[in-house]
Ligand code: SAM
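One chain comes next, on its own, written as structure tokens: the form predicted on its own.
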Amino acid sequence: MEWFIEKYNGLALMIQIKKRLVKKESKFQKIEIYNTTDFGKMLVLDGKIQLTERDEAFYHEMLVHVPMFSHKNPKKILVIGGGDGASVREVIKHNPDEIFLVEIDRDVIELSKKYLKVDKGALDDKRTKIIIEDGYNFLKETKEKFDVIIVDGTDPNRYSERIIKHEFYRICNKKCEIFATQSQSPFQQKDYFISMIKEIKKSFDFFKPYIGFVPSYPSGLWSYIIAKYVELDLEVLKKRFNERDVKTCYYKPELHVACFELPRWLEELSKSSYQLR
């Protein structure tokens, strides 16, 4: 019996594995793909779990559908990171005209397509434009503007640092109508969460954190931040959900509204972060 163990801040998660399918050192990171006993295939970058087949939809549906359903007619979308293709898969359910996927590591895309296949063909969809580039550089240089920008980033590392800073968020603010990003575990990675709140506050007049449950992520509690606008009218959300006929396993309009009701400790942590400099 073999186990994959991820350790973080005095806590560890163990997942039983059947076989390691991939181990590769790319230019940017160590990429591993495992076949697990209970969680299906699992993608790991630099020792950190990025997704498992069993619960990846919990994460990707909340990251994508909250901003996408907040927009009345999302047609041009930018996804930064997310080379596994699952976020693009969820975006496509809204029938956009164009999706730009900007991923720094080509190997993540190619290995995910070969071994994971969680994109369900989305990476090969004619509407998907794949750009192998640093997300910050792309946004800084492009003249394109987007209805929605979604940041599906990895755990903080030397390559992702620039997409969690004020200057990056400031550029995003200029180039989209709605912005959303994952913001790690506010329970197990509190400093990272606070830092993101501080940086986003410098760049957007409006933003709101929200939460979801992802069992294979640190402590299970996961956070996201949406900026510029969020739709919280349940009837509007139900109407859009039905009209777009989006099939989900985790997201639903009622949860869209409820996920912004934070536990008291997290509400207080978020509010205190607004005051930090």
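Don't overthink the numbering: it's just position in the shown sequence, from 1. Note that the structure is a prediction, hence the values are computed from the model and not measured.
The same protein also exists as the form predicted in complex with S-adenosylmethionine; that form is not shown, yet it is the one meant from here on.
K.L.:
Where does S-adenosylmethionine sit in the predicted bound form: which of 40-48, 64-72, 232-240, 246-254, heavy atoms within 4.5 Å?
P.N.:
Heavy-atom contact with the partner occurs in 40-48.
K.L.:
So which of 185, 203, 182, 128 reaches within 4.5 angstroms of S-adenosylmethionine in the predicted bound form, heavy atom to heavy atom?
P.N.:
Filtering the options by heavy-atom distance leaves 182.
K.L.:
Report the residue, out of 104, 178, 92, 197, that has at least one non-hydrogen atom within 4.5 angstroms of S-adenosylmethionine in the predicted bound form.
P.N.:
The residue in contact is 104.
K.L.:
Check residue 149 for me: does it contact S-adenosylmethionine in the predicted bound form (non-hydrogen atoms, 4.5 angstroms)?
P.N.:
Residue 149: no contact with S-adenosylmethionine in the predicted bound form.
K.L.:
Contact with S-adenosylmethionine in the predicted bound form for residue 121, defined as at least one heavy atom pair within 4.5 Å: yes or no?
P.N.:
Looking in the predicted bound form, residue contacts with S-adenosylmethionine do not include residue 121, since no heavy atom lies within 4.5 Å.
K.L.:
For residue 139, is any heavy atom within 4.5 Å of S-adenosylmethionine in the predicted bound form, or not?
P.N.:
Result no; residue 139 lies far from S-adenosylmethionine in the predicted bound form.
K.L.:
Indicate whether residue 36 is a 4.5 Å heavy atom neighbour of S-adenosylmethionine in the predicted bound form.
P.N.:
Flag for residue 36 set to no.
K.L.:
May I ask you to list the residues of 68-103 that have any heavy atom within 4.5 angstroms of S-adenosylmethionine in the predicted bound form, in sequence order?
P.N.:
Counting only heavy atoms within 4.5 Å of S-adenosylmethionine in the predicted bound form, the contacting residues of 68-103 are 80, 81, 82, 83, 84, 102, 103.
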